[in-house]
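In the structure tokens that follow, a single protein chain appears in two forms: structure 1, then structure 2.
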Structure 1
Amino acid sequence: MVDMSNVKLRIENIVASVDLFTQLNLEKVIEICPNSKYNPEEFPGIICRFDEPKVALLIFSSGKLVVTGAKSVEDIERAVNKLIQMLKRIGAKFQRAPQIDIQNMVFSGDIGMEFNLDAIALSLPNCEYEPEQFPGVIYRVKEPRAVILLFSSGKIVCSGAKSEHDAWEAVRKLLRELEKYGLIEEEDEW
């Protein structure tokens, strides 16, 4: 059984798509959004930055949004609710609650041990290693779908997960594979 007690993961970024289920007049919206940019010839939406919570929102006339930069799902919910309150002040009507879908979560972490990436690249399926191009092993997890960048120091980046649970499960699968191919010992204390 893989020991996960020394594994650390921290959310670095969450990207979510949001549907407000209402059309928006972007000319009006830009007037109420601080720290915003709107140039329809350049990009069809408003780029809006909030300081609290610290996120960026892409706001489209269809009522669809992309929220990025969040460190928690709660930050996304707070940002969407803050925007809705601002939009109500300019007469936007909402028939139902917004639909928020997490598209990607990025985690940084540490497995707590060092690795021989050459040995991993030779043994482990579903991985790529081109040290001349990138100093880490790229390991693809099929289910839950995620990509883990593994560095010789034991540091990792996990991308593509849709939840924190999925990220932990992807790391668990990587460690099981490393154990299965004899690339870490079961008794190692980490």
Structure 2
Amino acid sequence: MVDMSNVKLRIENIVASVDLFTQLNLEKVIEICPNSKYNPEEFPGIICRFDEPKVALLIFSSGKLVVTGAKSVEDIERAVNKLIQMLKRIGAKFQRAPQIDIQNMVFSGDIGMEFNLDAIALSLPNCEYEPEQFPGVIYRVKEPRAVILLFSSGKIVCSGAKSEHDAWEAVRKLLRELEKYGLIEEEDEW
């Protein structure tokens, strides 16, 4: 059994796609969004930032949104409701509740142990390690689908997971593989 008691994970970013089920006139929307940017030539959506909750929203004329930078699902719900209230003031009509789908969660974490990344690159199948390009090992977990960046300090970044449970499961699979190839116990000498 893999020991996960020393492993820590922290949510750093959540990305969600949202459908408001209403068409939006972006030219009108920009006027009520304080810190927003809209250059249809370079990007088709309005880029809007909220201070509370601290998120960034991409607003499209189709009534669909992308909300990023949130630290919790609740932050996303609050941001969406806040935007809906603002939109109502310029006459937007909402017949049904918005549909929110969590698309990506990014975690930072710590496995609590140091690693020899050269040793990992040589024996862990399907991992990438190019120290001249990036200091971490890149490991892709098939199920649940996620990618883990593992650094020599034992710190990690897990992205692509759609829930905290999936992120933990992905980390557990990485540890199982590391253990399987005898890459776990080393600490002082390699």
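Counting starts at 1 and follows the sequence of structure 1. Take the two forms, superpose them, and find the largest set of C-alpha atoms that agree within 1.5 Å; that set is the rigid core. Note that the structure is a prediction, hence the values are computed from the model and not measured.
Only structure 2 is derived from the form predicted together with the DNA. In the core-superposed comparison between structures 1 and 2, residue 152 has its Cα shifted by less than 2 Å.
Relative to the superposed rigid core, residue 62 undergoes a CA displacement smaller than 2 Å between structures 1 and 2. The Cα shift for residue 52 between structures 1 and 2, taken after rigid core superposition, is smaller than 2 angstroms. Relative displacement of the residue 39 Cα between structures 1 and 2 on rigid core alignment is 2.5 Å.
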